[in-house]
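For reference, the chain that follows is the form predicted on its own, supplied as structure tokens.
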């Protein structure tokens, strides 16, 4: 029953993430169609979709760069160093990563330690063939071996579920949305009036479309970031469930999260741009402690209290 509940949680979170991404791509397409029609198309209809193609090309180029070298940039930004097996604690970490790689059936990721006293961890890379797991020195100090294994399994789950690649794609989509939004706002100033007057004979439907497009254009940067945060939250739930599947010990991850949450100081070595990759928000923002309302929009991580409750439910059901 416990295993079945884990798989049920995985499927539920996968469905939610898929729905969010489909909506995101639809929103990007809507912005592109509007930009091409309103700003660059002819009065009779859209011409060559220069805005959409240009933004998608930019997003694809950004994604390819991130898949090739983004993990190195992330590790360098956090001052991560290669694990030192001469250090007893780091030796244990390296062994645990190897154990979890075997359990997951994946190649062993590169292992790094971040010289920061606040407990945290993240995974980065392009997929199981090229991935890295980094933990802070504070995490090694705070957790016992069983809890450390649970955290590493959570990060291995991010690798196995291709979350590291997914977040790269999301970042590329966000970049594409921001690019189209910028083009559109600039284009309205020099070409919007001319286009709207030429398309004025399209009737009420076209007018409503253009109004919705302009509103969406203004809100696009905010919407893009909200979608990225929503994807990040869903992947944390999924990694909790998948990681517990590897260890068959949800309570160890619950205990580790309690200790991580108890360390109220932020993780200064981990920059804001990497926050969504961490097992817990390194900035320690209060918004991540709540659910619903503004927290449901602006939190990069789900509330730890809820994650702990779900993990305990997984352990005790059945």
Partner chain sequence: MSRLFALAENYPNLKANESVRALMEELTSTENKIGFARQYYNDVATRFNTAQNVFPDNLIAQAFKFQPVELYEITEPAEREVPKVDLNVRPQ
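Nothing here was measured: the structure is a model prediction, and the numbers come from that model. Positions refer to the first chain, counted from 1.
Form predicted together with the partner chain: not shown, discussed below.
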The unique member of 104, 216, 232, 161 whose heavy atoms fall within 4.5 Å of the partner chain in the model of the complex: 104
Single option in 118, 147, 245, 236 placed near the partner chain in the model of the complex, where near means a heavy atom within 4.5 Å: 245
Which of 87 to 95, 221 to 229, 176 to 184, 129 to 137 lines the interface with the partner chain in the model of the complex (heavy atom within 4.5 Å): 87 to 95
Exercise: residue 241 in contact with the partner chain in the model of the complex, heavy atom 4.5 Å: no
Contact label in the model of the complex: residue 152 to the partner chain, heavy atom within 4.5 Å: no
Touches the partner chain in the model of the complex: residue 100 (any heavy atom, 4.5 Å): yes
